Ligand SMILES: C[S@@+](CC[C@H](N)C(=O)[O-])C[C@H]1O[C@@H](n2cnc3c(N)ncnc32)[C@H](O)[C@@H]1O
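Let's start with one chain on its own, the form predicted alone, as structure tokens.
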Amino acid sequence: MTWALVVGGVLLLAGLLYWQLVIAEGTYLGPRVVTFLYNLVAPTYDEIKQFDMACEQWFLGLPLARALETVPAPLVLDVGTGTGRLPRALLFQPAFQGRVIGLDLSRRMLTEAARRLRPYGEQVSLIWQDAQVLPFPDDTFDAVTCLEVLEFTPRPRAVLRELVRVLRPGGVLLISNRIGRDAALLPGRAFPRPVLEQVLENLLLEDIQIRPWQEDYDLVWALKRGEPRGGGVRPLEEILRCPACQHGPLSLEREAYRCAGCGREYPVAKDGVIEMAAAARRRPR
């Protein structure tokens, strides 16, 4: 009887660990655990996921470039950019002549993204920062994307509100939604299709289209209501905001973005990543 209890306990613990660390990727254990796991696999992440470049172009890069073809010099934000999957698919398109900003909370994933995106030069910028506090003013981007990320954030509805907040009227929102068997194991994180559609409508989005994508994901396209008024890439100094006090714009001095409001500074690392999630430092008086 004792051995049966021990074996049963071990199996239960193994099942819980598999659920928390593999299926949920640490989301119920907090952002630090999620970030730790992604930092751990960053160097081999693309190989683990086995991305098919042809599929990436067909389902992501090409349709997004076409959606933005009437926007002069579109500005795109990719939240949870990882190794730069979406920026690579979009920047590969000859028709896209804009700029992409990739944001992620895993620093090692951004290290990989910086390496893989180096050929695109100033067309792409990378920011180390939490998606729950996007360091930009309202109505900034012509498109905002967020793929395979929402279900691994502590408050996916709050992140959705942030994505829509920084999207310009008439701008394109492109997200993924977890479906299938594992979605039932992510309570409070994954959305049933009708629930997600209602959430997006409540966020003043329209022309919502939910399309099959992968076995475990749908792709969701939507437009922000309002008169379109997009276009025009602006310098980072002009659009960046301090995530601590929301002051902006920030000034670039000696390889760091500085906030005149609270004195914090956010260094630009040697690989070009703006390290907003790093410990903020007070400017010397």
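Computed from a predicted structure; not experimentally measured. Residues carry their position along the shown sequence, with the first being 1.
Below, we turn to the form predicted in complex with the named molecule, even though it does not appear here.
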Has each of Glu69, Phe96 and Gly170 got a heavy atom lying within 4.5 angstroms of the named molecule in the model of the complex? no
Even though the partner isn't displayed, in the model of the complex is Asp104 close enough to the named molecule, meaning a heavy atom within 4.5 Å? yes
Would Cys259 show up as a contact with the named molecule in the model of the complex if we use heavy atoms at 4.5 Å? no
With the cut-off set at 4.5 Å between non-hydrogen atoms, does Thr140 touch the named molecule in the model of the complex? no
Considering non-hydrogen atoms and a 4.5 Å limit, does the named molecule approach Pro135 in the model of the complex? no
Only one of 74-82, 181-189, 201-209, 117-125 sits within 4.5 Å of the named molecule in the model of the complex by heavy atom distance, namely 74-82
Within 4.5 Å of the named molecule in the model of the complex, which residues of 122-153 have a heavy atom? Give them in sequence order, or say none. Gln129, Asp130, Ala131, Leu147, Glu148, Val149, Phe152, Thr153
